[in-house]
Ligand SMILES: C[S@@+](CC[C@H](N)C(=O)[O-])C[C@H]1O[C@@H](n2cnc3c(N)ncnc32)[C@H](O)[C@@H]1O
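Read the single chain below, which is given as structure tokens and is the form predicted alone.
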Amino acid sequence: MNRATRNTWLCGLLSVPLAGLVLLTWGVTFWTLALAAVALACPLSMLWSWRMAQRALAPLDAPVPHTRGMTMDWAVPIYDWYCPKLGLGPAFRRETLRHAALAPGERVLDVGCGTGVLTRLAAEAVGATGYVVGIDPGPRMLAEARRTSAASAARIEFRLAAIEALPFGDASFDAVLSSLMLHHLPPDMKRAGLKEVYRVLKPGGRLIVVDVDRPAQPLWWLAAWPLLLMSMTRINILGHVPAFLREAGFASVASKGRWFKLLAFWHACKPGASVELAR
């Protein structure tokens, strides 16, 4: 378990004394029990997911990459269940692809693909003449992505890899998707990963990033302020993601909208000939 994943578990387990503090301070009432139940839901679901994730894993076709970013293997049993509950369901995926504006025949890379939901939708968008690759450093995440995509007729490949060491040649892709992955990386890994994305994009290719941003509504700070205490998420909450994109070499970095006033969509291009002219 790497440092980032340990920090995630620590945050979850801190909910246990928080629940106890609520009950000790305000006594046992319907509302305090409800608050305690909400606080305990996080660590209990994490423990259950961890236990389920200990099931035997099919042999891998590649070594597990070393990364200091946070991996989400522990969440595999509940990942596709809780994402829609958080507002990250089909409508969110469609909005991400709308900003990507994928065209038939394009080559697309989905970094931090998780269980492959967005990867499969991207494959549908580029059609039979296109090609989509999803990467994730979590072997259980990748195994689940392969399992749930086995019946797909689209051209999809899933590879075990981390964004900071992409196993692809220069100028391999027309577009790269990064959906809620960047905040899992410490600052130096953000820089390394974005430079790798820049390298594998064709001239004129684009990167679509959707991730945590500086809250656009004051009430969000009540929930988001703890993210300032973690190096992985501090950059996002302070609104520095566009600066990291420009530092990696991207041009035309622009915010294209928000989701729940906490997540932002960014569109960035690799300078050079347009993708249409390059194909």
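Quantities reported herein were computed from a predicted structural model and do not represent experimental measurements. When you see a residue number, it is the position in the sequence shown, counting from 1.
Absent from the display: the form predicted in complex with the named molecule. The rest refers to it.
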| query | Of 174-182, 126-134, 198-206, 100-108, which is the one stretch near the named molecule in the predicted bound form, taking non-hydrogen atoms within 4.5 angstroms as near? | reply | 174-182
| So, in the predicted bound form, is Phe168 in contact with the named molecule at a 4.5 angstroms heavy atom limit? | no
| Does at least one non-hydrogen atom of Ala145 fall within 4.5 angstroms of the named molecule in the predicted bound form? | no
| message | My question is simply whether Gly69 lines the interface with the named molecule in the predicted bound form - judged by any non-hydrogen atom within 4.5 Å. | response | yes
| field | Contact flag, Met189 vs the named molecule in the predicted bound form, heavy atom cut 4.5 Å | value | yes
| Going by heavy atoms, what in 195-211 lies within 4.5 angstroms of the named molecule in the predicted bound form? | none
